[in-house]
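Taking the form predicted alone, here's one chain by itself in structure tokens.
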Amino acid sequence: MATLLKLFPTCTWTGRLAHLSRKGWAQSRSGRLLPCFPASQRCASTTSYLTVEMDDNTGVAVVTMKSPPVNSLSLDFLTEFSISIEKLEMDRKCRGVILTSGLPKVFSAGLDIMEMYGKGPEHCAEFWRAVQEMWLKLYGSNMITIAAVNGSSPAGGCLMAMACDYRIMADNPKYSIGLNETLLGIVAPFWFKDTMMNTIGFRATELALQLGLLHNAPNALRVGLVDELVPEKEVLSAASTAISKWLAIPDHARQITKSMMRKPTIDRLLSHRDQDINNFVSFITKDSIQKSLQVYMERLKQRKT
């Protein structure tokens, strides 16, 4: 954890790029679209699990998750993520964030099961507080937040995407998104439920949570879990286009409106935060739940082999 205190890297400036394939975007050798700005506008910082590229001209930061193999939300990842978002929040030049993945075929696979399996109550409590903090930072952010979902995003990955203001997903039926906790024998906590209900409504949430539904990209658009589907190589460029519309709105009016909409949900967790942690620890350390996690991990190993 000590390494997480080193999250204040010196910005490294890129050289001026002569050609842009799109407005503010260029295509890498792998075919992935990357933000591309003149050296006087672009500042990049890299941590263990994230790359943050800030465009001082537009005030937009691209936060790219890069924790192989599937961007699992470990304790260290969550801590680093929250610190990075808080730094951007404190930067007066930063008005918006595009959150995406630097790994192929996956946005985030959700909570790291190894943080919950075979761990003592103290560790589980610390981990769950970090999950809460990630959501509070993202869901309550004054910044514009756009999720560029360029791969599958189950469970905690879905929560991250839903915490953003707008979601753009790769139009690939093989990619899925949803809260599938019940399939693991786990119950999604009330603030996961509240976030989904605020996004897709009561009945759709009731079905999704009880059945542990993972929606493919077209179904995710149909139920309102995502706002746009675009070709996979255009996810980032579409996010850039989308955020420009949000940037045209005066910040103070948008921020007050966002707070009015989200404050009751945030306050509900804040007023029950310790109780939620205690409930999680009591639940996750039960022998029956630990057995369910063990069975799930064994299935994952069989799939790999």
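The numbering used is simple: start at 1 and walk along the sequence shown. Note that this is a predicted model, so its numbers are computed, not measured.
Below, we turn to the form predicted in complex with another copy of the chain, even though it does not appear here.
A.B. asks: Which residue among I113, M197, L136, A130 has a heavy atom within 4.5 angstroms of another copy of the chain in the predicted bound form?
C.D. replies: Only one listed residue qualifies here, and that residue is M197.
A.B. asks: Using heavy atoms only and a 4.5 Å cut-off, determine which of K119, K193, R95, H215 is in contact with another copy of the chain in the predicted bound form.
C.D. replies: So the residue touching another copy of the chain in the predicted bound form, by this definition, is K193.
A.B. asks: Go through 50 to 58, 258 to 266, 232 to 240, 63 to 71 and give me the stretch that gets within 4.5 Å of another copy of the chain in the predicted bound form, heavy atoms only.
C.D. replies: Stretch with heavy atoms near the partner: 258 to 266.
A.B. asks: If we define contact as a non-hydrogen atom of the residue within 4.5 angstroms of the partner, is L209 a contact of another copy of the chain in the predicted bound form?
C.D. replies: Residue-level check for L209: yes, a contact with another copy of the chain.
A.B. asks: Considering non-hydrogen atoms and a 4.5 Å limit, does another copy of the chain approach P189 in the predicted bound form?
C.D. replies: Yes - in the predicted bound form, heavy atoms of P189 and another copy of the chain come within 4.5 Å of each other.
A.B. asks: Taking the shortest heavy atom distance, is K174 within 4.5 Å of another copy of the chain in the predicted bound form?
C.D. replies: K174 lies outside the contact set for another copy of the chain.
A.B. asks: Would F283 count as a contact of another copy of the chain in the predicted bound form, using a 4.5 angstroms cut-off between non-hydrogen atoms?
C.D. replies: Yes - in the predicted bound form, heavy atoms of F283 and another copy of the chain come within 4.5 Å of each other.
A.B. asks: What residues of 236 to 275, in sequence order, lie within 4.5 Å of another copy of the chain in the predicted bound form by heavy atom?
C.D. replies: K245, W246, I249, P250, H252, A253, R254, I256, T257, K258, M260, M261, R262 sit within 4.5 Å of the partner.
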